[in-house]
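The chain that follows stands alone, in the form predicted alone, written as structure tokens.
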């Protein structure tokens, strides 16, 4: 789940040139769950822009909870279902994460796009009104050694081998309202009877695996991951 929040309307309006005609595109999956770009928010954004004098040719969000980041969905929506109103636009305002923005670029053959949201993290939907981050998408998961909890994410300092000396009463020195990530890991390992894992040294991160942009070619038996660290082939046979 990608967590997104809408940009302020004045910031969005500053993106447009005088007389620019805009088509508003939303996402019915993650952005809808964040109330930043579902069908209701996309329609409302079009109305808000029109009230501020922006020429809006139309708006659309994928049907049936569809994700804008799926190219086939975006292509059908913009090149078939809403083809006429989309063609009248000079640009597209995207109410989704950054993945959806690039999908619209591909779906429209490179037409200009504007971001309507800020993508803040990828996280777990704990409740419908609460999303929190547990994974930093680093490409090199070590949670086997930490009871399923990621120290890179739960520790603001990203420490890989135990807590710093600043935590107090189980709370982080960076934010006294936040639990110390390594305290959480310790308690988790203790409950699993695996505290001995804390004695195993974790090597520094290979940040080449985290380098951008990354890609994944997916196959039923073999997949290939590409980053600055090189090519990694995952053979499932």
Partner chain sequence: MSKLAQKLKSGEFAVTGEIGPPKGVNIEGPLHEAKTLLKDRVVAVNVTDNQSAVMRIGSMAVCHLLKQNGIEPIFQMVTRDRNQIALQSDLLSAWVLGIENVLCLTGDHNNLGDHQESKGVYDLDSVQLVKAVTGLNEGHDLAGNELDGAPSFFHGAVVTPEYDPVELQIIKMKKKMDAGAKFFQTQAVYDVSTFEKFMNKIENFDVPVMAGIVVLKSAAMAKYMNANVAGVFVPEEMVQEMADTKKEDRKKKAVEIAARIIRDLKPMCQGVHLMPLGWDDTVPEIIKEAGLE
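What you see is a predicted model, and the numbers here were worked out from it, not measured in a lab. Residue numbers count along the first chain shown, from 1.
Heads up, the form predicted in complex with the partner chain isn't pictured, but that's what we're talking about next.
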Considering only heavy atoms, tell me if residue 49 and the partner chain come within 4.5 Å of each other in the model of the complex. no
Distance check, residue 167 to the partner chain in the model of the complex, heavy atom within 4.5 Å: yes
Does residue 125 make contact with the partner chain in the model of the complex, using a 4.5 Å heavy atom cut-off? no
Non-hydrogen atom contact residue 159 with the partner chain in the model of the complex at 4.5 angstroms: yes
Heavy atom within 4.5 Å of the partner chain in the model of the complex - residue from 139, 147, 115, 163: 163
Have a look at 51 to 59, 26 to 34, 65 to 73, 167 to 175 and name the one stretch with heavy atoms inside 4.5 Å of the partner chain in the model of the complex. 167 to 175
Within 185 to 201, the residues having any heavy atom within 4.5 Å of the partner chain in the model of the complex are 186, 195, 198, 199, 200, 201
